[in-house]
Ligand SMILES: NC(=O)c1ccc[n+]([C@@H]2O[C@H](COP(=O)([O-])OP(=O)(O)OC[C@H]3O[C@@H](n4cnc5c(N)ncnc54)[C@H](O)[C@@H]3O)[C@@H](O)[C@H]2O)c1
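Next up: a single chain in structure tokens, the form predicted on its own.
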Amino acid sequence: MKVAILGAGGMGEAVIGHLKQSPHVKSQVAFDVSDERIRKVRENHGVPGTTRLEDILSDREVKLVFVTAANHAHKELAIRSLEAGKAVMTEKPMANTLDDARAMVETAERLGAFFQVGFELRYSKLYTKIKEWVDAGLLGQVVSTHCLYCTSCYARDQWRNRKQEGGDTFGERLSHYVDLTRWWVGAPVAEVFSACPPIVVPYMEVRDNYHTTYRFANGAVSHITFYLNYGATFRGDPLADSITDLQLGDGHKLRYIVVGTKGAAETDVFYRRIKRWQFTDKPERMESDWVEKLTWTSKEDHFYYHNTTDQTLDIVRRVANGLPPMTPARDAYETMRLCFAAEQSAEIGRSVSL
């Protein structure tokens, strides 16, 4: 099939590379509003491009489009592509407003079209292992999770700093970790509360830190602590391993603790490890035994962390074979609803019921 990439920036170029690995993709075409980006994908990847969206939408050979443009463009690109009869994958966040996200889902449902949102952590080996343990009953019912995420701030000219283009930080940066928690707990969220200290990064139009708690309908509680300012500035040394040599121990953190009724698990991106504990209720006391530890190498980081490769290849396979999305768009919309609720709670200073 012929596949189109709408948005030829960094993420678009990554998807172009992934698509070259698929036996189902015969050709690609890129769209971007920038002539310079179109020139780059042609020269760097051998992929032709256009600055006219209509060239993509009117091309009957294009069966699938990947929306990899800036967040504010997602709604228009996705809806116009769906209405043109294309299968669509959209990067997260779905859109910068909940109304726009809902309109995208409703359009796909009305047309009976393929529409998947890019929550690639559901493909990443680090987090699918937790899901395997949950589904196998090794953790029991998940009752508590905590995500600690600390990283460096965006460069001053990044569109993610600007609310109109990037939307709020929660949807742009934290929607992955809300989605994971929903996936593991397996119950709807009843209440959200966010407490956000003052912004530290002076040029950001959106919040750069969060303390957010979700209470699920089944009693489970999840908390996300996020700092977009704490980690040392990563400038990218091409000779160094970015996780161990440049970021480990200098403030960068991305760790999950997941506690269930029968056991617990911990993931740590920067230490490259995942652990599992097993609980045993004995006469003297409940005992916890560390029973499993998995690690990986730096060459496997992509597949354990943000596995966009397998996500892209799976979406192409599904469209080529007439299969539905791995995760329904309505499910992804529920994740976005929780992100907007977290922002609303931070704004009004009290919890938001769902």
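Residue positions are given as counts along the sequence shown, with the first one as 1. Because the structure is predicted, anything quoted here is derived from the model rather than measured.
Heads up, the form predicted in complex with the named molecule isn't pictured, but that's what we're talking about next.
Site annotation in the predicted bound form: the residue of Ala70, Ala320, Leu313, Leu57 reaching within 4.5 Å of the named molecule with a heavy atom is Ala70. Stretch 114 to 122 is the contacting one of 205 to 213, 183 to 191, 114 to 122, 222 to 230, since its residues have non-hydrogen atoms within 4.5 Å of the named molecule in the predicted bound form.
For Trp159, a non-hydrogen atom is located within 4.5 Å of the named molecule in the predicted bound form, even though that partner is not displayed. In the predicted bound form, no heavy atom of Leu294 sits within 4.5 Å of the named molecule.
Taking non-hydrogen atoms only, Lys253 never approaches the named molecule to within 4.5 angstroms in the predicted bound form.
Residue contact check for His306: one or more of its heavy atoms lie within 4.5 Å of the named molecule in the predicted bound form. Residues are counted as partner-facing when one of their heavy atoms sits within 4.5 Å of the named molecule in the predicted bound form; in 168 to 198 these are Glu172, His176, in sequence order.
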